[in-house]
Ligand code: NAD
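Quick heads-up: it's one chain on its own, the form predicted on its own, in structure tokens.
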Amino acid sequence: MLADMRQLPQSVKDLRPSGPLQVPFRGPKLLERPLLNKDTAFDDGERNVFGLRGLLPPRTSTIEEQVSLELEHIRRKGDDLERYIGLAALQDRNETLFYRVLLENLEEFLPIVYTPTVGRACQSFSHIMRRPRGLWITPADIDRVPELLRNARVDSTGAAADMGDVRLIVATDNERILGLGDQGAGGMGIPVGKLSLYTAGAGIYPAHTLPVSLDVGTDNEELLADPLYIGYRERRLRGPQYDDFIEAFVVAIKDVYPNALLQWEDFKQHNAIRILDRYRHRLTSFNDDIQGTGAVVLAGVLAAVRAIGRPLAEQRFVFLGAGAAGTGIARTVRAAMVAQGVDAATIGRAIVTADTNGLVFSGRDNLDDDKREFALRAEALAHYGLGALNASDRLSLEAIVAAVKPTVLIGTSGVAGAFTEAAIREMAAHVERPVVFPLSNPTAKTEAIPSDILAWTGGRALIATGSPFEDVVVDGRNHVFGQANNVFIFPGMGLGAIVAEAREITDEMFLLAAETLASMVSEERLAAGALYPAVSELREVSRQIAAKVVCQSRDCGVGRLYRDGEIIEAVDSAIWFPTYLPYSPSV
């Protein structure tokens, strides 16, 4: 009973607004505030009190009517990029309405506000941006990063907020945007998109979020040649100067927003791994491309082994792509196997990686240091009959599959068609239910089309993809392809860390997130081949993951000491539902 009587901490209560909201603006200034603007939904009393008479058409609309009208506007557009621009315009005008539209139509608009359409938006960013959103930091700002961060510190009313009001930051240096590479300033589309999914998927109030572009220049010749390019028109910062810039950014965050969680996003492989390892214990932070991708793919694998009826310990993995995403997935799979008591030798054989130069193995010529972690050693090579490899040997995917006979094939290569028919047929010859994950996105980069994988495996494969694909009917059976989208992981992780006031994001949290997500795949979806829940279930998935993160934060001593009965209440109290609050003028 005592636990039920305790009050939630004020820091948690403040994570979402409650009405009536004290508003200091009137007239046009109020209509210009996206988080306060209700458009035609301002009622008669508010129109009188806030000087809105004559500034709006006379009819008062409900938010439900506004949603219907916005859907009409967006669906009228014939191109996904135009729909993206239309949704961005709505977000810039009326954020509450934007999130209501997004939340109630996630299946339809997730591919618009994020992959694959966001990739096109990033490529065209200098030509489609209407209103700057977030914070832009360049090497010229290295001595004033705290000042720039403070410029972004506003609360839901637009007034200066208390220190630490920003609770969630997504930052990118724009070098590895999806599978598109260096997009310079256009990479800002990714933090903006990710944060919109934090809000739609987990209810994190938008005023507590901040997208950041660490615009350290670009080596993209097309961007540098574009006279209308809006970014920092210099070659990419590298070496010690780059490290100093990142250090200045981290120090400034700890100073200005000490309670903020930082998500590193779309850094190139070497920097991504190095930065994560350097700062994860100094600053509450994680890398979604490494840890989030690892967790969401592990969840799909756990759902697959549940469908197959053979444990994780008996699986053999081949990863095509040894970059940040592939490394993150391999690390997470290894951690899960360790947690299940699998011995080191078995794990060393079970995880096989390949890159553009073929099989990654110890002693291979010109092997990058960050690939040595999962390079096959002599014992594993001998186990697979590959003991005679020379340092210069390059094995094709087909040869690797023939030797290893993987049960799970995972692609993060960014190379369209990299999963060849020969490789998939070879896999299917040795495995009753091949598990195949062509994860590269956008869609044009995917390693194989699901319908082809089904054809090459006689309809036996379990498939998850990085981008959305339509269902396919084979021999009268409907196959559903779950999307291994990090949106199933990062919103719940962020919500849980914020509610827990976690000082660190641990590997155990990602394992728990993966297990939670896998457990939420219904038997009906699993029978249809889907290895993930429907996107429409995202808020409940995020809620359950957040609760696990809060509990784990407490148990490992990095977060607030909640009692068991308080955790779900604390999580629920932080989840914002996009609806209009009543306003009253501030004195």
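This one's a predicted model, so the numbers in the text were calculated from it and none came from an experiment. The first residue of the shown sequence is 1; numbering continues from there.
Below, we turn to the form predicted together with the ligand, even though it does not appear here.
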When the contact criterion is heavy atoms within 4.5 Å, does residue 111 count as touching the ligand in the predicted complex?
no
Non-hydrogen atom contact residue 191 with the ligand in the predicted complex at 4.5 angstroms
no
Look up in the predicted complex whether residue 325 has a non-hydrogen atom within 4.5 angstroms of the ligand, and give yes or no.
yes
Just checking whether residue 415 would be counted as a contact of the ligand in the predicted complex - the rule being heavy atoms within 4.5 angstroms.
yes
Does each of 176, 355 and 441 have at least one heavy atom within 4.5 Å of the ligand in the predicted complex?
yes
Tell me, out of 117, 96, 457, 486, which residue has a non-hydrogen atom within 4.5 angstroms of the ligand in the predicted complex.
486
Just to confirm, with a 4.5 Å cut-off on non-hydrogen atoms, which of 169, 303, 320, 462 contacts the ligand in the predicted complex?
320
Partner absent here, but in the predicted complex, which of 138-146, 289-297, 213-221, 256-264 has residues with a heavy atom within 4.5 Å of the ligand?
289-297
Could you pull out the residues of 268-286 that have any heavy atom within 4.5 Å of the ligand in the predicted complex?
269
